[in-house]
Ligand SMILES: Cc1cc2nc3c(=O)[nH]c(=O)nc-3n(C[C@H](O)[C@H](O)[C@H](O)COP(=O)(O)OP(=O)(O)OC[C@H]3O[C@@H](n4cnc5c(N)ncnc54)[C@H](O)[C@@H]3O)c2cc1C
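Starting off, we have a lone chain in the form predicted alone, written out as structure tokens.
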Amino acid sequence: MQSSDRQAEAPGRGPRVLVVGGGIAGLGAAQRLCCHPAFPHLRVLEATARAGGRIRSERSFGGVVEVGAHWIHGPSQGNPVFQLAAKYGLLGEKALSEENQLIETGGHVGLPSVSYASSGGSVSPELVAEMARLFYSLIDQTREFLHAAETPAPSVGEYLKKEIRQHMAGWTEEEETKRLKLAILNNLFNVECCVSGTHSMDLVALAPFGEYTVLPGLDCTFPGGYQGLTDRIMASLPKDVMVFNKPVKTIHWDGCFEEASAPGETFPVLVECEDGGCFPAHHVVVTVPLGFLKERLDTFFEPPLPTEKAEAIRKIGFGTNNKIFLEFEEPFWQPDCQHIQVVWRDTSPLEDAAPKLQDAWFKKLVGFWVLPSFGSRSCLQGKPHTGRFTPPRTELCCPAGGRLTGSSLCGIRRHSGLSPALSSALLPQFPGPGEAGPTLSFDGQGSVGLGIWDVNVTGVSSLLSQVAGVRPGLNLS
């Protein structure tokens, strides 16, 4: 089979290497290979028109909004992302300071600046701090069973709930306060689900939980945008390495392929693209997302992968975190506010019967983080952990333009309009049928994906009004 895309040809001898996927993994592999003299002929095939994958900094709102990756967790010398960011001069003085790098967080998320109950009004900071101390002390205990012969519970979630029930026996407050304590603990469960990337802590085995290594350093951000990291890696690559708009259809491996420009030379791999272009190579590094592999496993490799590798792809799971951005004409929070927690009073981590996701997805909002002011604009970033959510990432969320597009690792799905059947069951305050608003899509396993196009201001505004007892003015038209 001959190469039909001369753009990929590299004259001269030496192994040809292809990297499939131009996200941070693909760019990192390409940068390392380009520095090695044994690999002079390298190409990165990226399906889209841009590199960086889930690292994407949007700048069309007057400031930087991180659509994808946001923080460096554990910014210290043991963190390769921190090392690269420091090398390229992408961090501020505080993040680079030795003091910041030595802070031990234990992997715990800091306390919120303020907490609002779903019934309106704020929650006592002392009560929030008390429940956080309890919860994180229990989380620390779960790491002690790494090498234990037996564990008191099979999962982290079951252990936490067992311990919380024991602590409840000593609570002497009135029933209303007890319920509020459980609601705060439920929010902390949701936060830990985000940290662990899981739908439920009941799915996280207790015995190996202690393998998680927490690096020191207080989480930091990129003042100029996280995308500066991938841009700098891109700039370090030779100009002809990246090949954009080249979605790969099939990787033919374990074969013997030829091309007209290299008579007599054979290649064990041929990468076939959706547009018909073919790239012969000696080696291929595949860095596509796991969800993509799951969906395309039967057709992406020819011959099929060995059974043990295919089974590993099928069995490995991943959690889901999404983002919601709210823009306000006037901030309702105090100037020193950084993190707003949302506490849903009718929730409890001890409740076994989980409500239907389409009815209660917003109750998995772990809170909102205040973004730097963009001149006359003030924005909050919310992080709903929504479980088995078909789109595992948000490709574009524009507070100013009002468009949020759900992007699935298994392909792109776009939704518009609100189905009549769900208009009342989901959130009555969102626009009705025929208007622009949210919609839910379900896959064959009952998973749910939320996509929003041209969100009407009343929907998100009313949601926060219900939570915080305020009526913000959002510019989402």
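Keep in mind it's a predicted model, so treat the numbers as computed, not measured. Heads up: residue numbers just count along the shown sequence, starting at 1.
We do not show the form predicted together with the named molecule, though everything after this point is about it.
Heavy atoms, 4.5 Å, the named molecule in the predicted complex: which of 320-328, 340-348, 120-128, 156-164 makes the cut? Say which one. Only one stretch passes the 4.5 Å heavy-atom test: 320-328.
Have a look at W369, F292, Y136, F82 for me and say which one sits with a heavy atom within 4.5 Å of the named molecule in the predicted complex. None of the other options qualify; the answer is F292.
So which of W71, W253, F332, W171 gets a non-hydrogen atom within 4.5 Å of the named molecule in the predicted complex? Flagged contact: W71.
Residue contact check: P247 to the named molecule in the predicted complex, 4.5 Å heavy atom: Taking the distances in the predicted complex, the answer for P247 is yes, it comes within 4.5 Å of the named molecule.
Would you check, heavy atoms only and a 4.5 Å threshold, whether I55 touches the named molecule in the predicted complex? Answer yes; at least one heavy atom of I55 falls within 4.5 Å of the named molecule in the predicted complex.
Is there a non-hydrogen atom of Y226 within 4.5 angstroms of a non-hydrogen atom of the named molecule in the predicted complex? Contact with the named molecule, yes.
Find out whether any non-hydrogen atom of T48 is located within 4.5 angstroms of the named molecule in the predicted complex, and reply yes or no. Taking the distances in the predicted complex, the answer for T48 is yes, it comes within 4.5 Å of the named molecule.
Counting only heavy atoms, which residues in 14-28 are within 4.5 Å of the named molecule in the predicted complex? Heavy-atom contacts to the named molecule in the predicted complex: V20, G21, G22, G23, I24, A25, G26.
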